[in-house]
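Only one chain is included here, represented as structure tokens and corresponding to the form predicted on its own.
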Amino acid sequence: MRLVLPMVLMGALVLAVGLTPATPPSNDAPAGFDNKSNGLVDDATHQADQTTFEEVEQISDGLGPLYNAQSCRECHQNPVSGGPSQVNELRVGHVGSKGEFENPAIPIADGKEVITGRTLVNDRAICPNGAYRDTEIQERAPDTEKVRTFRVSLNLLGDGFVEAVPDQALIDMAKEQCRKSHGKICGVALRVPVLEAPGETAIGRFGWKDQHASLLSFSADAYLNEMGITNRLQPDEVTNLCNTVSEPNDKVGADGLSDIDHFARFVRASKAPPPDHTLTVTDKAKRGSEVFDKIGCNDCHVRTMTTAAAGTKVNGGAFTVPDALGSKQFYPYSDFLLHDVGTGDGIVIPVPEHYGRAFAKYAWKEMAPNNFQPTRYRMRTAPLWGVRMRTRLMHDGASLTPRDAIVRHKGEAEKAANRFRTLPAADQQALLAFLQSL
């Protein structure tokens, strides 16, 4: 695997005053919290996909045996389905004898079985229950797992546009970013497997570690690891204890689609998070936008990106960019690259968890599990679109205000954080007002 080190030329990406226009150009990605389609499908189809996204899974559907939530909406809903939430998950591991991160070994059922190949510790289990009253399968982090972190749920709204950004644009962005900073800010464009395109890889952009490039792969991963629902891309249960539903749990419906197809289509058809149009046009927010650029926040929190032209194949050729997503300009305030900003959680991408047994079966090109070690202290640049809807910031949710999050930045972002600290109080307040408008 190649880790492509460092951001595309910023001048071409930044609007003159750095604000989303009050009257968006015709090629702007649709934005809004209105539960309507961005044009990928009609509104009725989008609402039907949303219903599937919000469905509460039962044991009879294949829920568990280990899980965190019973629906996608449970972790992605603020202010509408597909948005972020305060819900977090626990990940653990340890440092091995060679100084590298190793996945945990978590015993369940009083030690009868040991869960390996994952860093996720599921908070819930379906047993013991009436049928298995003496089977205790609850996961708990062993004392041996000293590397521990929480991660908050991510926003999914507008991610169809993110998926449609060409790999090369992210690679070029990373190279240009590193060149302009003389090696001081160097994001990583991470090449990862595309589950629906066996043997193919693409540049990751979804998840806190950029572990997925495809929304279908991302959906399949979450369905198994967060809800315990096996599917065609992730067909193997985490444990077969207490399991009574045939695999895969996610069946193809009368329309020829399974749940993961509906999840991916729902996210692809979602509109981008809109700014607060009242605050955006205030003098204070406009000044804050200028300060945002002046102190270097936009080095990583890139304002503007453009999707590939309609007809372009992405995700290893498995998805063709449709007209509704093609050649669209959007405003994510992220480069979607991995950076070390001093808050990395020490966790490395767990290959079996995210890519299943298919990883070994298809011998993914240019890739080996140990090549993910460089992700240990790097996290994806958090997109700031819709950040005003978040009550807990950074990957672990430990920062409760934008100021807390800014001053916490170190590593590649330390200079920007220090510049913020030395700003006049009025400029600090202006920057915070700008962030509150996003």
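Numbering starts at 1 and runs along the sequence shown. Here the structure is a predicted model, which means the values were calculated and not measured.
Keep in mind that the form predicted in complex with a small molecule is missing from the display, and what follows is about it.
> Decide yes or no: are Gln50, Val194 and Ile203 jointly within 4.5 Å of the small molecule in the predicted bound form, with each residue judged by its heavy atoms?
Checked in the predicted bound form: no contact with the small molecule for any of the three.
> Answer with one of Ala272, Ile126, Ile185, Ala269: the residue that has a non-hydrogen atom within 4.5 Å of the small molecule in the predicted bound form.
Residue within 4.5 Å of the partner: Ile185.
> Among Gly117, Pro235, Gly346, Gly207, which has any heavy atom within 4.5 Å of the small molecule in the predicted bound form?
Spelling it out, the residue with a heavy atom inside the cut-off is Gly207.
> Given that the small molecule is not shown alongside this chain, does Asp159 nevertheless sit within 4.5 Å of it in the predicted bound form, heavy atom to heavy atom?
Asp159: contacts the small molecule in the predicted bound form.
> In the predicted bound form, is there a heavy atom of the small molecule that lies within 4.5 Å of any heavy atom of Cys72, even though the partner is absent here?
Output for Cys72 is yes: heavy atoms within 4.5 Å of the small molecule.
> Is it the case that Glu226, even though its partner is missing from this view, gets within 4.5 Å of the small molecule in the predicted bound form, heavy atoms only?
Output for Glu226 is yes: heavy atoms within 4.5 Å of the small molecule.
> Taking the shortest heavy atom distance, is Ala31 within 4.5 Å of the small molecule in the predicted bound form?
So Ala31 does not count as contacting the small molecule.
> In terms of non-hydrogen atoms within 4.5 angstroms, which of the given stretches 134-142, 97-105, 238-246, 291-299 touches the small molecule in the predicted bound form?
It is the stretch 291-299.
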